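First comes one chain, alone, set out as structure tokens in the form predicted on its own.
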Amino acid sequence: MESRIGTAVGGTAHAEPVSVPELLNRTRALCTPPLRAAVARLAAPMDTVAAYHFGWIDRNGTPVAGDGGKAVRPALALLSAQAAGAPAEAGVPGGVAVELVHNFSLLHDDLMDGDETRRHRATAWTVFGPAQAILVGDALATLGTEVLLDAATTGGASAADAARAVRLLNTASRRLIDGQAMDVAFEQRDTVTVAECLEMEGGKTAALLSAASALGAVLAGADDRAADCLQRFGEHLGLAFQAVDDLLGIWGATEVTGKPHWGDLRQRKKSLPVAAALAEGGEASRELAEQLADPQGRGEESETELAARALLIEKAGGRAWTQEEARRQHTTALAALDEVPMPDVVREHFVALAEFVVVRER
């Protein structure tokens, strides 16, 4: 995807078209060295487990050019610093911190869901064991706070702004954990309302994207009003992001997403397409509700049975509703962004990144 805008991360404005992949690559170039330095603080073997999870080494410790993820969250942190009039580098501690917390959640999520693949290879818990995955996840979460506090001595932030950033990240982390807890609880329920699902996803995904969208600005000394508007942008963008993720969790191609085929359906996750389909009330909706209420074969369904369940969700309108919800949340996010004065080139990069979030296949 290309957007005819100047280089907003790691450079100055120019008239050449800059693609979102280039924006994300520049983000990685700025954030990966300090991210590696943060991970290197961990005691062995946690440093090795974390390096494997991030895609820097294989299971034998050999360096590899792996898939470290999309880097959307750190890109938002860097852009938010520029929205506050600071260079992208001012947002790097925020980008690193939010990436550490995000990966803490992934390590724990893979274990809780029993997922054996992520980013096209074995998950850390299957290689190093559940105990190491839990410990490394905990360690990454605490490292995020350390990195933000360090910004007051080495990153150019004031002590007060570093403290604001820590509070922002910790609140987002608590909301993330709340959302994960609701997600796990919903798997044991026969039905979940759309409102409950949106509340859960607001914590599970939107909270961290909301924090990412403001962390750089906070570190750069932005006032509360600007930070709040950027947080609202990230909150709605996060809900759009998760809506798309829910669609991919059912209809995404494994070879593209790197996630298990029918993984969400096998776990009986009450994602947005499922909640919307259950609320529809028609014949397909009732049949879906009966299947989800049947305790027989939970987690043991065949590929054919899961494909049939996906078709019921689509017939009941769950797929179409979720696609529309992603678009609605995307529009609401851009409206919040319009309330923040910032250079046009930075705004256009925010817009391009938001579009990338809702038009993707992985």
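One rule holds for the numbers: they count along the sequence shown, beginning at 1. Please read these numbers as outputs of a predicted model, since none were measured by experiment.
One more form of this protein exists, namely the form predicted in complex with another copy of the chain; it is left out here, but the text below deals with it.
Only one of 316-324, 333-341, 296-304, 34-42 places residue heavy atoms within 4.5 angstroms of another copy of the chain in the predicted bound form, namely 34-42. Relative to another copy of the chain in the predicted bound form, residues A277, R309 and Q329 are all farther than 4.5 Å at every heavy atom. This chain is displayed alone, yet in the predicted bound form one of R286, R189, H120, R167 has a heavy atom within 4.5 Å of another copy of the chain; that residue is R167. With the partner omitted here, the residue from T126, S173, Q291, Q267 that has a non-hydrogen atom within 4.5 angstroms of another copy of the chain in the predicted bound form is S173. Heavy atoms of M46 reach within 4.5 Å of another copy of the chain in the predicted bound form, making it an interface residue.
Under a 4.5 angstroms non-hydrogen atom cutoff, another copy of the chain in the predicted bound form has L143 among its neighbouring residues. Mapping the unseen interface onto this chain, R232 falls outside it, with no heavy atom inside 4.5 Å of another copy of the chain in the predicted bound form. Proximity of F241 to another copy of the chain in the predicted bound form falls outside the 4.5 Å heavy atom cutoff. Applying a 4.5 Å heavy atom cutoff to another copy of the chain in the predicted bound form picks out A131, Q132, I134, L135, D138, A139, T142, L143, T145, E146, L149, D150 from 121-150, in order along the sequence.
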